[in-house]
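In structure tokens, one chain follows: the form predicted alone.
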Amino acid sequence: MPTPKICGIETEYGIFVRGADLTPMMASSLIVNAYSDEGLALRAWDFTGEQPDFDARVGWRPEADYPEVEVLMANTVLTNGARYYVDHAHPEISTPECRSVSDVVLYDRAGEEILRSSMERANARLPEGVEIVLHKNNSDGKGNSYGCHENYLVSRDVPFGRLAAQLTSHFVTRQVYTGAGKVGTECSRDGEADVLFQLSQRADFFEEEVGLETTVRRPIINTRDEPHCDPERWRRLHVIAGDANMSENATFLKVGTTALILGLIEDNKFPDHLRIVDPVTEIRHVSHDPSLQHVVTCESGKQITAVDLQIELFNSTQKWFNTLDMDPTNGDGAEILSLWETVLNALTSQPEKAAHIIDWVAKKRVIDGMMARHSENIPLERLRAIDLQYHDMNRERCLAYRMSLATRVTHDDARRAMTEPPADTRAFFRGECIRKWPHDVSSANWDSMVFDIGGPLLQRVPMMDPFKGTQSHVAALLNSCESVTALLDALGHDAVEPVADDPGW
């Protein structure tokens, strides 16, 4: 039986400043603080439990090149249950935990609106001629990449080695419909020709098949073992092998297909004959071929294109899904499969038919049109500027908003999700507590809330089960309590842990 999926996305946004000598870190702090200055966020992230140095294969690895936790940077929790913070030199937003893939798309869109609102607020405070510009992309064109990471709840019973070995082929080939498109090549390998246009923004940056690091020696399968929930029952699969999508349907497919394939793996139904021989090389080669004709070699000896491999994965997943009594994606499974099949059919015959769904196809249409108008005599830097403009968070400049991409989320729903949490995960309890008692929440993180009720000890409420703390579970309780003290009394002694000091600071 597959584990019901709880999913989320973390997106680092590209940032630069026009008209002033501000470092990206300073500019990112201005962005995040601009949103929290008016009471829209609580500056109190709790770093207790952060363990980026734990490897799913071998446990603690203090020697690994993992990013150090930056406890002094802007780091906030929102009333919708999300985390909004500065990660190194980028503003980053993590969606709240979502029980459905549709909600992941909704809260990813809400994240865009939060970043756009922050950018407008920050720029309004800057001197004339100075502007902070944000892009939802993954590369600065100078050899640096920043991520859009996905997270999935997975049963701890599945051996991590099997999970990694079987999932890799999906990550190598799903870029045929999840790639955001990119002009040029970065981090060129010896013996490999550069390309003018490729499917993915991230593919050039992967150097290992499996590993713990996320900013150096980037692996296709990340082994970080930081569950943010009961570690005896679940793991959080931290996925770094994906692009930030402007297309809502590409995001829906990216998260939805991966969630279903994880269920397939949990039920031990993955077709092992599709495991790719050299995924680190093939993830680049697949990306570098917009004609979609590149053939990968599987360990079984099978040679197959990325699209055809995805078709076989689709067929296996659909057959498995039709045997289930429970949809692990909470009702989205049939639509995920339908859209998956639609885009694969288009990619097999005429990829242009999927330009309203797939970012790289839409972007390539713009690039091809520009080259045709200029008889292909157009500088590469001009094409890269067009590429970047596709991801601009300023709506008036953003090319993606001019491409007639099909949408799934209305503007009103995105605005609502900026402040309201999902109803069916523990994010509801987190967001509602911050909304109702902002001055009594000392700090918060994914798996606990810490309250200050004025005594010598702070009070921590653990939330190790992401399926609890939902609207149906706690809304009546929250509505009945006029104070945090009343809430803690109602929860009872066994649900609260006294702590000596605020671990968030």
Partner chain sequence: MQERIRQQKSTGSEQTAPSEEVQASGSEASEKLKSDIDDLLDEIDEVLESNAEEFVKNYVQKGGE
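Since the model is a prediction, treat every value here as computed from it, not as a measurement. Residue numbers count along the first chain shown, from 1.
Same protein, other form: the form predicted together with the partner chain, not shown, and the subject of what follows.
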Of the options V158, V409, I357, V307, which one has a non-hydrogen atom that comes within 4.5 Å of the partner chain in the predicted complex? I357
Would you mind picking the one in V280, V210, A414, V366 that has a heavy atom within 4.5 Å of the partner chain in the predicted complex? V366
May I ask you to check whether Y146 falls inside a 4.5 Å heavy atom distance of the partner chain in the predicted complex? yes
Any non-hydrogen atom of V484 within 4.5 angstroms of the partner chain in the predicted complex: no
Any chance R373 has a heavy atom within 4.5 Å of the partner chain in the predicted complex? yes
Considering non-hydrogen atoms and a 4.5 Å limit, does the partner chain approach S139 in the predicted complex? yes
To test your reading of this chain, name the stretch in 193-201, 112-120, 93-101, 162-170 whose heavy atoms come within 4.5 Å of the partner chain in the predicted complex. 193-201
Given a 4.5 Å distance limit between heavy atoms, list every residue of 380-402 close to the partner chain in the predicted complex, or none if there are none. E381, R382, R384, A385, I386, L388, Q389, D392, E396, R397, L399, R402
